[in-house]
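What follows is a single chain, given as structure tokens, in the form predicted on its own.
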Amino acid sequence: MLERLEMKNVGPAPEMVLELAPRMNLITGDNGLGKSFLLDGAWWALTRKWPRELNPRLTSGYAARPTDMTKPAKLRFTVKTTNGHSESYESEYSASDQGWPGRPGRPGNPGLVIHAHADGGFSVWDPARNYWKKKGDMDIQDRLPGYAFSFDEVWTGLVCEVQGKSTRVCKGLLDDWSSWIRERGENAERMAKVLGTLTNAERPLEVGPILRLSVDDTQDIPSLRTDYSDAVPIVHASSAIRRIAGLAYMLVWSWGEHLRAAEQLQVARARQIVLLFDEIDAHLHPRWQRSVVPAILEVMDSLTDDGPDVQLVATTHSPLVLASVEPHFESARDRLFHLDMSDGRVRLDEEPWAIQGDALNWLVSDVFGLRQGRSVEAERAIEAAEAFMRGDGNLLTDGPNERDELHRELERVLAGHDPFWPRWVVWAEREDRGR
């Protein structure tokens, strides 16, 4: 588990400190303020590798660099290891090495780490398959330092160099899922259950038959049963469904392969799982945004039978996601963070948890900072109308018929049932009676 992450002279802010809760951590903020960067830093702290160091084909996960190359840049972090101890470490950027030096010897074991990238790729660090091996008094790393998948590689498989040979270390969703369906084993049941839980409690997706797209293509393709078809090839599904299917596959594959490796190596299975999830609401319909975070927590409880501790660190732009976790949020185990601009500087603050009641109230809360949950044009028209009612003049028009012109603009941009209308109508009637 990651307990603390501190960045100095790295990223968009001069300094950022993230004190994480043991279960659920949600990070909000405008685009470009460093949410994805925080997750990449968290991945590095847990695994000592940047995602793109593991796979140069990735379009994200680049190694961090100092914001100001003339000043020291530092990454500090505290990890709670699987033996219950907290280990702290500081790395200062080395200009001569163009990188972040690690501490000699094996790092603390944080458990299984799964990083879902915003573009549909994933990175996985497995304490059984990617861990340092001990020979006498020496710690050496003769296994892969981790797995990093581009979006395509999640589906078609991952090839890495192992002991000088190109090795297919993961078959990919299409081959693995097809094999699981044919074998009707544990992984097929896990995949179906995880996929159903992650999609929607009202209409969970069900697994359909294995298909082929043409007589010339021998690739087996899993399918899904939907409201309009009994067999939609997964490659023809929407972006949201394919992203959810990729997440379901990576969770099932990562945990299944970890169990298999732990058994073969005669080591204990992971007692901790860290999920780093960038833009958890990406591509999702509001119905799915409303259930995705509780569903992920439920999936991890059901997937891991003996209940390892699960820590989720996720970024989101969705007020509906925050509204959805209100019944589940526990101040002792969960935290909400917000990235914002203040006096020309990026700040990362923990937000006091306060139930807002619905997505609209979250939208106009300090977390998202909108004045209204309307269009920009409607917001301007209402502000102009309010100023006009106060006697401050018309901010939109000028002339003898300014009230009529303002009324026409309100009619153009507001719905007939908008709650502003009663105020405007009552004010207009009072004005007419006073003439």
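Predicted model only: the values in this text are computed from it and were never measured. Numbering starts at 1 and runs along the sequence shown.
Another form exists, predicted together with a small molecule; not displayed. Remarks below refer to it.
Heavy atoms of every residue among P12, F37 and Y62 are located within 4.5 Å of the small molecule in the predicted complex. Shown alone, this chain has one stretch from 373-381, 401-409, 23-31, 51-59 that lies within 4.5 Å of the small molecule in the predicted complex by heavy atoms: 23-31. Of the residues given (R225, K71, H317, R260), H317 alone sits with a heavy atom within 4.5 Å of the small molecule in the predicted complex.
Screening E279, D175, E153, D309 for any heavy atom within 4.5 Å of the small molecule in the predicted complex leaves a single hit, E279.
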